[in-house]
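The chain that follows stands alone, in the form predicted on its own, written as structure tokens.
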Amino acid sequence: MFIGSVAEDKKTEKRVAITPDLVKKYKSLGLEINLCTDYASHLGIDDKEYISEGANILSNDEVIANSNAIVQMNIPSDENLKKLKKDQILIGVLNPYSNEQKLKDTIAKNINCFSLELLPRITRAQSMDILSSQANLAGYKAVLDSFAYFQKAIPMMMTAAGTISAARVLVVGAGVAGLQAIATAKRMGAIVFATDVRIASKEQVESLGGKFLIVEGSENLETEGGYAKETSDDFKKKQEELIKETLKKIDIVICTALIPGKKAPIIITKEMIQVMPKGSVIYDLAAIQGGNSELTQVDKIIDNNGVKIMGEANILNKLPVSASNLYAKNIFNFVSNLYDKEKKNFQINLEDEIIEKTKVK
């Protein structure tokens, strides 16, 4: 049985789904690896490294034609999707909400598609959790990038010439990315505040040294799967008032609030941005899904009355080696669960919650 992977569109995606260190692990399961020429050369990984571990280097078309399963970061290009054949398996972050028709057409060809952002939040799936592994890095990098654009020192500094006050950071959304942003900002000496619709986040935020902002009379808006629910109009109004008052003294905002499969909620309005101090920075990790800030534009830095609003389509293109290492391990763990070593084939057991939830229907 063969696992294959072809190159992503490097203009938008620099991460890869298989790293050299995992080739031997796949082979230990009884699987062979097919990769296209120059698969990870943009990351400084030569084809020779993959070959020395036992991988086969083929042309793009040969990889697709000779692999039982294709593992990718994103959904393949239209051209590559058309080349997939009956009974093949496609695994990646396929984003079924945005690629609904493409996936319907692919599934109609009897191709089994698994989208890993649909993984259930259960203990057994933690080692496969691509949202957590990638969000951790995104939260860290968002803090570094926003600090780089902020034109003042971050920690409090007491000098003979006077004292510099510590920067004040607000993290919107205390999921994996938000918690990493809090931890990173605290390590660098900032005073950190955070807000989230899930009251359960309060303890986590405070354990990292952050101050949790609670909306008066709020209830826990968390799904059974651990994600945030959409809020009521009354909650939104109270949240707006609390955040607007807080923003008057905030230097840097890190936005991380997302609702799976839906447009990101607008939390920072234009009116709120008007009250922020000049020189402040907003980094919006939700940009690709519409943004948590009303003024966010993908891959642009907007200057609104002295406040910079930033949001990139893919911040992890700035950390592609680390992100690939984690993602490749997530993929391997998912494949290990899908592959029956004794029967030497893939078993699509829909009684397994991990397989059932990630299979695109």
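In this text, residue numbers run from 1 along the sequence as written. Remember, it's a predicted structure, so these values are computed and weren't measured experimentally. Each form is matched to the other, and the largest set of C-alpha atoms that superpose within 1.5 Å is called the rigid core.
FYI, the form predicted together with a further copy of the same chain isn't displayed, but the following is about it.
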| query | finding |
| --- | --- |
| Partner-facing stretch of 234-242, 266-274, 87-95, 146-154, counted where any non-hydrogen atom is within 4.5 angstroms of a further copy of the same chain in the model of the complex | 146-154 |
| Heavy atom of each of G44, T184 and M188 within 4.5 Å of a further copy of the same chain in the model of the complex | yes |
| is_contact(Y140, a further copy of the same chain) in the model of the complex, heavy atom dist at most 4.5 Å | yes |
| Partner proximity in the model of the complex: N110 to a further copy of the same chain, non-hydrogen atom cutoff 4.5 Å | no |
| Heavy atom of N99 within 4.5 Å of a further copy of the same chain in the model of the complex | no |
| a further copy of the same chain contact in the model of the complex: P320, any heavy atom under 4.5 Å | yes |
| Interface residue in the model of the complex among I302, L326, A65, C36, criterion: non-hydrogen atom within 4.5 angstroms of a further copy of the same chain | L326 |
| Q180, T195, S115, S280 - the one with a heavy atom within 4.5 Å of a further copy of the same chain in the model of the complex | Q180 |
| Members of 124-143 lying within 4.5 angstroms of a further copy of the same chain, judged by heavy atom, in the model of the complex | Q126, S127, S133, N136, L137, Y140, K141 |
| Core-aligned C-alpha movement of A108 between the shown form and the other one reaching 2 Å | no |
